[in-house]
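Only one chain is given next, in structure tokens, and it is the form predicted on its own.
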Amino acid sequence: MSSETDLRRRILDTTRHLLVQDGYASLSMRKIARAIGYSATSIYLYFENKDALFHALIDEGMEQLYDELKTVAAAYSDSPRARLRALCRRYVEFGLENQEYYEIMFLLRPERMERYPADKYRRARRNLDIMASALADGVEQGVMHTDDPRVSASVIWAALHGTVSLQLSRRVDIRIDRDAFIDAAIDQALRGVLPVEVRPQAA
């Protein structure tokens, strides 16, 4: 890895830590510079401002999530139902395994931030497209039901996001097994798109 690539990586990693630890409002280029032992001018060679840094981290996290979901989708290409369930599971696991990225991608709400660039938004949207594609294939094969795969994918994502958020914030009763909670949450999220005969049976 070149020194320039290494410095850019250090800037991104340090910014990610500081964002989650201290929040967007307290972040500054000088603060990042002090943390990495360089001048603020060095950071400006790579990023125009802290919004550009924030956007780069969101984009990086979304790209990592997409790579993982794409791998899962390919492994279950012949079974839309198994594919969708595996995608849900991997989404939750990604959030729990990459807490800093997840918080920056979905939980931080900085005020007065520059609009997220359209090209980055389109890339981020591919994660939802993978789920929507599984739903569309399921409808075609007669194993799922939805009037609009994109809407249903968004509803499922909302349920998964709630699951990850509750786990990250440790708001789930400690007496509940984490894996059992996640499995039940996924079952519930998919209930609306599965025909009655293939829905998980109550105990």
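Residue positions are given as counts along the sequence shown, with the first one as 1. Every value quoted in this text rests on a predicted model; they were computed, and no experiment measured them. We call the rigid core the largest set of C-alpha positions that still match within 1.5 Å between the two forms.
FYI, the form predicted together with the DNA isn't displayed, but the following is about it.
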Are any of the heavy atoms in residue 30 no more than 4.5 Å from a heavy atom of the DNA in the predicted bound form?
yes
Please check if residue 45 has a heavy atom lying within 4.5 Å of any heavy atom of the DNA in the predicted bound form.
yes
Would residue 66 sit within 4.5 Å of the DNA in the predicted bound form, counting heavy atoms only?
no
Going by a heavy atom distance of 4.5 Å, is residue 41 a contact of the DNA in the predicted bound form?
yes
Students should find that, of 169, 141, 154, 49, the residue having a non-hydrogen atom no more than 4.5 angstroms from the DNA in the predicted bound form is 49
Here the chain appears without its partner; judged in the predicted bound form, the stretch of 155-163, 22-30, 131-139, 57-65 with heavy atoms within 4.5 Å of the DNA is 22-30
Return yes or no for residue 189: a CA shift of at least 2 Å between the shown form and the other one, with the rigid core superposed?
no
With both forms fit on the core, has residue 158 moved 2 Å or more by CA between the shown form and the other one?
no
